[in-house]
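Read the single chain below, which is given as structure tokens and is the form predicted alone.
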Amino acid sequence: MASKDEIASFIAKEFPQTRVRLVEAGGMAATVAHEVGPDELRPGGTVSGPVMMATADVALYVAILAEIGIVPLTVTTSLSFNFMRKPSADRRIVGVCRLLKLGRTLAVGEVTLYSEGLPEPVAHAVGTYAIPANRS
């Protein structure tokens, strides 16, 4: 298992380009948040799909690392995405992940995305990650 601080440090070092920040991790779950500004918007004043997909992907990664420890080569093998409603252009995107299965070599989880502070989900994702057999 890895702590919230260990995971946050790892993400900051290995993925300095991401704007996704860790809020909570552990217990087969994670919550992350992505700041939203002009660079994250697409025409029409809505948060872009790639921003929401990145948030979901990081949420899955964080939830898995919280359970198995820092295993950098744990990688996304699939990510299915449903856009449900227009997110707010002036609120962070919050991803709430729950792992559905954590096996030796595969993990499956779901992420519900929200505009921070609003109750209605803006998107839902289901993803699978491959976990390397040799976790060193």
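Start at 1 with the first residue shown and count on from there. Note that the structure is predicted; figures quoted are calculated from it, not measured.
Form predicted together with another copy of the chain: not shown, discussed below.
- Of the residues Ile68, Met53, Ala29, Ala89, just one reaches another copy of the chain in the predicted complex with a heavy atom at 4.5 Å or closer; this is Met53.
- Contact check for Glu110: a heavy atom falls within 4.5 Å of another copy of the chain in the predicted complex.
- Taking the partner from the other structure, another copy of the chain in the predicted complex has no heavy atom within 4.5 Å of any heavy atom of Arg19.
- Contact between Ser9 and another copy of the chain in the predicted complex is not found at the 4.5 Å heavy atom cutoff.
- None of the heavy atoms of Leu118 is located within 4.5 Å of another copy of the chain in the predicted complex.
- Contacts between 72-97 and another copy of the chain, taken as any heavy atom within 4.5 Å in the predicted complex, involve Thr76, Thr77, Ser78, Leu79, Ser80, Phe81, Asn82, Phe83, Met84, Arg85.
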